[in-house]
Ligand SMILES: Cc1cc2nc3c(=O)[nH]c(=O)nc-3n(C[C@H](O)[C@H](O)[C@H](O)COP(=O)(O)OP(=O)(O)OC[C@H]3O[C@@H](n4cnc5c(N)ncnc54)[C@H](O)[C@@H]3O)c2cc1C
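Single chain ahead, written as structure tokens, the form predicted alone.
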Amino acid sequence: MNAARVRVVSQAPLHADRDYVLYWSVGARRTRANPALDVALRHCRELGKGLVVLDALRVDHPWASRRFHTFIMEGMADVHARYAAAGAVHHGWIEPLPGQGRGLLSALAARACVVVTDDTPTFFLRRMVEAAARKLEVRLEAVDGCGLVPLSSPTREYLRAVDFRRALPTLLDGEGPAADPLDGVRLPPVRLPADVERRWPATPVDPRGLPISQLAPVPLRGGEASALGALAQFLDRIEGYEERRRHPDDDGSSGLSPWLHFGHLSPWTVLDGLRSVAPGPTQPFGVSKSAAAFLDELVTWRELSFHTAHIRPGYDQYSSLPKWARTTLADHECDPREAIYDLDTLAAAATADPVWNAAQRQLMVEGRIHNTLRMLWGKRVLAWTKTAPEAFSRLVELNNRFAIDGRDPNSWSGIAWCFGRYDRPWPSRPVFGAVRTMTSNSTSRKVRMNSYIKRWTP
């Protein structure tokens, strides 16, 4: 394991005389190719201790809904069986009411030799880990398992994808995690503390009874098993990806983002799969042209987004956009709009644009938008809103409410790109100023989407 991936969050001591190693799983909710699990198991071997995995789910975080809870809980069921087979205790706990999970981590940590968790800039998770570190009286290590490039590797912020892409060969971490660290492992037996079993029992929970939004689940199953199945299906059709991904009618995108977002699938697992089925000369990964086109999305764009979130404070705020973009959008704030739609009209896919409506309906039902249309979806909202900051906040709300991979750095970057991030100034246009424009008519001429629109039009 690259030592640069391990960050000591709490300088409290490691207690070798305690009962177990605690892995607090908050980002990489998987058992395969998981750097944090690698570190936790190393501690188990060195200390001769068993492993307890805390996999808790709150109800009071922003945009909590039955859609996201269901996906995460399905993933919990997958890892529970794998941990049990290795002799580890997996404590999957669903908070029934806000605040009822308070004290659970501390109670488990009180009997832990060391606590290991995931280091990720996603959503509120880093703030949660930092707050926990101030309360625990035991060493807390946060391990970066976000991507092939360690978060600590770049020493500066990359403002353009082309610059990040050029630097990749020097930034990549050659030491990936174990493909399956639980394979053949049998850990010393361990039990949960009695007060934890009594106060926070891992009982079955129906998300329909929780005080969260009852937004319907997506027609996908969460968890490692489903993620690996989706990856296998994608690998079967990887050749021709660079052309097929463009057309909504072909639906050629990978569809892996939900499992990547919730940590059910590792980018190392994806890379290994691509190398096995599509080897080739394209560097730095040694894959075919089609596989390289996908890796540019998985590595260049996804990891650039994570590094922006890691380095730039307020990366998810309108104020973090490039100054030139904010200036030009402000200069054109008074330009006439072709239409103005409120948030409810947008959420209901009730605009006069059939292409945009189709994309929004796919988001409402499937929790995703085809990659080609996702950028158009954002650009059109900018054209239909009185001010750019208001358009930004509406896109955040729509994306984070409906998208199964919303609240992810990659998702935030997709929205920010619509307002000029990672881009350059273009010839000035009404409303957009120097920010790149996109229209439904121009997109319709470039890609095949007649069947797509028919499918998503009532």
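Fair warning: this is a prediction, and the values are worked out from it, not measured in the lab. Note that residue numbering follows the sequence shown and begins at 1.
If you look for the form predicted in complex with this ligand, you will not find it shown, but the lines that follow are about it.
K.L.:
Look at the stretches 255-263, 168-176, 147-155, 94-102 and give the one with heavy atoms within 4.5 Å of this ligand in the model of the complex.
P.N.:
Correct option: 255-263.
K.L.:
Just one of His90, Arg139, Arg221, Arg374 has a heavy atom within 4.5 Å of this ligand in the model of the complex. Which one?
P.N.:
Partner contact (heavy atom, 4.5 Å) among the options: Arg374.
K.L.:
Name the residue from Ala309, Ile369, Val129, Met76 that puts a heavy atom within 4.5 Å of this ligand in the model of the complex.
P.N.:
Checking each option against this ligand in the model of the complex, the one that comes within 4.5 Å is Ile369.
K.L.:
Does at least one non-hydrogen atom of Asp405 fall within 4.5 angstroms of this ligand in the model of the complex?
P.N.:
Residue-level check for Asp405: yes, a contact with this ligand.
K.L.:
Is there a non-hydrogen atom of Phe294 within 4.5 angstroms of a non-hydrogen atom of this ligand in the model of the complex?
P.N.:
Residue-level check for Phe294: yes, a contact with this ligand.
K.L.:
Against this ligand in the model of the complex, would Ser305 count as a contact residue? Criterion: heavy atoms within 4.5 Å.
P.N.:
Yes, Ser305 lies within 4.5 Å of this ligand in the model of the complex.
K.L.:
Using the partner position in the model of the complex, report whether Gly414 sits within 4.5 Å of this ligand, counting heavy atoms only.
P.N.:
Residue-level check for Gly414: yes, a contact with this ligand.
K.L.:
Taking this ligand in the model of the complex, would Ala33, Phe164 and Phe285 all count as contacting it (heavy atom within 4.5 Å)?
P.N.:
No.
K.L.:
Can you tell me which bits of 232-248 touch this ligand in the model of the complex, meaning any heavy atom within 4.5 Å?
P.N.:
Result: Tyr241, Arg245.
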